[in-house]
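One chain is shown next in structure tokens, namely the form predicted on its own.
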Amino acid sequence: MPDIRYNGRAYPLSDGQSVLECLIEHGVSVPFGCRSGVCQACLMRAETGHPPEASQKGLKPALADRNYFLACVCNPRESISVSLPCREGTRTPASIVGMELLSSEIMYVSLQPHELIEYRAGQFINLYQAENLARSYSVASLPTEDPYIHIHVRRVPEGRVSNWVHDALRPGDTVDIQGPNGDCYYQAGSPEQSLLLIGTGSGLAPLYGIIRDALAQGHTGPIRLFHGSRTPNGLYLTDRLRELTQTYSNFDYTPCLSGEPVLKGYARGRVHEIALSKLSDLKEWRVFLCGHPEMVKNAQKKAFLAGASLKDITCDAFTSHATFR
């Protein structure tokens, strides 16, 4: 039975167990998040031994060449010695250059990385509050138009990182970020393709970036955005999005409320049900789903049944990015 060696101690690896599961089982504190090889919060390095190729999927070649791997999807067949990554080469310092409450629960944060980071609107970065404490946030900014990286942070009850952002983080502070990660972004090449975007809460962040990117690149096909929340506090940027509908005739925006009260100008009901009731035929459409996991799962199924190809449905559920709350 192989061992996982970490900080001078050896931990036996059970059948089918990942490196992350093994370390957590033995009380070792290491960062982790999605447990599915997406958020990259569990990045580690093999000091000896060879991590399986599957555990390096999605990593930059430079990291893979240096034996970095994702602990949550690493099932080694041999004993390996592992360590947490050093800051250099995996994290980037960034200055907080702007903060603004977009609603009572959504904080806009603008970050200036201390070195160039190439990203696409809609990808996500990991924001570190401490050495082993981070949270993933989608990028709402457009690198071709915005000088800084913008994220939207929703205050989560008992959320250690989100409450730190809202209550303690201030302009002028320096934080560590990692990324970008993820494949939720606009892909040029089919400017006439119809786009459907459905999001809840701060799931608007990647969708806002994707919409701006598509419009900036001259997308001519219909772009339909449905943004939902239970209460009005969960909706934001409504004025800005309504302005975009006046500027771009191919862009349409529907804010949705599933709870009470339902205000004038808002659709009533669950956001994905409203969207799919209005768009019953999604053949050849490109679909983006971001936000609450249950909504994303249900909307993905309904979009597929409405004719959208699975390869044209991009899902970005909140839980796929969470590291620590």
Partner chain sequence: MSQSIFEQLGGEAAVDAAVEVFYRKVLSDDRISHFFEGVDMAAQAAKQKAFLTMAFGGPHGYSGLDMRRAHAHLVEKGLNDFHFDAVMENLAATMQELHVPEALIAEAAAIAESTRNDVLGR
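By rigid core we mean the largest C-alpha set that fits within 1.5 Å across both forms. Positions refer to the first chain, counted from 1. This is a predicted model, so every value here is computed, not measured.
Absent from the display: the form predicted together with its partner chain. The rest refers to it.
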Point to revise | Triplet K301, L305 and S309 all within 4.5 Å of its partner chain in the predicted complex via a heavy atom | key: yes
Check your understanding: Would K297 show up as a contact with its partner chain in the predicted complex if we use heavy atoms at 4.5 Å?
Key -> yes
**Study point:** Cα displacement of R77 between this form and the one not shown reaching 2 Å, rigid core superposed
**Key:** yes
